[in-house]
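In structure tokens, one chain follows: the form predicted alone.
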């Protein structure tokens, strides 16, 4: 499950769609928040403003007309349905005066059990939010009403004269506020969930089409140039991409066919004359009596033979890079191939004063072509024999590396290859011998690299084992093959993606 979520999050279109959904939710919250501010917050602010004005009126009445007129005014205003007051004071006769329609015994402050009246020593008026408990009547059941008010003391000459509470019934406003808040939260949650679902759906559809292109690229790289990208003819961006990609593949296919035709024509036109030239040179050398002329003719014959081999290698590399023979790969055990190579080259190593050893283990399976694997390993062993000085050692091994992949390695203790040149020597006609005094065409490692690429293998050149005197770094040439995996047929996959 976690891997699936990570894979989904890595999808670019899913992240972009999710980002759009988040922006939409933020915009929705801002819009509904603005509605809340324009309706609820402003209405509450208007209530606070009217209460402050009313308290100022009470203060003015007390100062200009006295306590009794103030009590009468509070009593008159208490007749309004949504206005609630409480006025407590002690008149000149020493008697307590309580007026208003707000009784302390039926009022509960939020989060605390005390009256709405402030303490005697407090100055000014404070905002109070409380609940008014309305007792049941014959027609209406008991109910709790949310109130908002100002509580404080009216003063004359700096002395508290009367305690007053002026409040408004804001139950309807607070219910509306709750509905707006619930709308904000529920709408945001719904929008986010729908955004996630739509992002998943869009990314899934997009990923299916992208995977079809990836499978097409894999098939084309495998040499199946007849594969084409599926189209739905909707003329959208992906369909136009498929159209242009198919046109490009058609062009590449035509070029590859032209190249093969040219290569076959060259091979047919030049191989026969070169073969005849070599035969005539050998025949003339065997018939001529002059030793110097005979040596020259044999040397020319060898040059013609080397030219034929170079020509064959170039054509072979080109065909391997074009993906030919990939369909001929099959599951094989490379051990018999390496056993034959070890048996063949061990005497050759002894003849030139080299020690040869091998560690070829059984139980390996790779998808390969026997002839090509034999050619690649033979090239590497011949290179090791060619460049390892007398007294050196060559080791051939077949084992499983730490990643569980089959690995063929040829290790020597020769001069090695500088790290900066290890990639360059895999190119055609590249030789570290700048003077080119040593025999060879510079195609051996290029052919090995082409064979490795055909097999989806990794061809790496690294430092091998040092010589006994420590002056030579040696060279390790490794062919690492991928694990064998069962896959669906490409044509079936492309057909499913097109549906």
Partner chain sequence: MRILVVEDDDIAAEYVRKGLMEAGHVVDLAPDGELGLEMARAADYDAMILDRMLPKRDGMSVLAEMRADGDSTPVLILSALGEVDQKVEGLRGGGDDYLAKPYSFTELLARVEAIGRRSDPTAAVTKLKCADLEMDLLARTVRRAGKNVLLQPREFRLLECLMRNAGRVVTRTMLLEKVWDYHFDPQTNVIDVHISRLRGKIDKDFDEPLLHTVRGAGYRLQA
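Residue numbers count along the first chain shown, from 1. None of these values were measured; they are calculated from a predicted model.
The following text describes the form predicted together with its partner chain, which does not appear among the structures shown.
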Problem - its partner chain contact in the predicted bound form: residue 90, any heavy atom under 4.5 Å - result: no
Practice task
Report yes if any heavy atom of residue 400 sits within 4.5 Å of a heavy atom of its partner chain in the predicted bound form; otherwise report no.
Solution key: no
Exercise for the section: Would you please decide whether residue 148 lies within 4.5 angstroms of its partner chain in the predicted bound form, comparing each non-hydrogen atom pair? Expected result: no
Practice task
Verify the contact flag for residue 237: yes if a non-hydrogen atom of it lies within 4.5 Å of a non-hydrogen atom of its partner chain in the predicted bound form, no if not.
Solution key: no
Exercise for the section: Kindly confirm or deny that 282, 306 and 347 each have some heavy atom within 4.5 angstroms of its partner chain in the predicted bound form. Expected result: yes
Practice task
Look at the stretches 249-257, 357-365, 168-176, 378-386 and give the one with heavy atoms within 4.5 Å of its partner chain in the predicted bound form.
Solution key: 378-386
Completion exercise
Note: exactly one of 275, 143, 218, 421 sits with a heavy atom within 4.5 Å of its partner chain in the predicted bound form, namely 275
Exercise for the section: Only one of 341, 191, 154, 393 comes within 4.5 Å of its partner chain in the predicted bound form by heavy atoms, so just point that one out. Expected result: 341
Completion exercise
Checked 353-375 against its partner chain in the predicted bound form; residues with a heavy atom within 4.5 Å, sequence order, are 370, 371, 374, 375
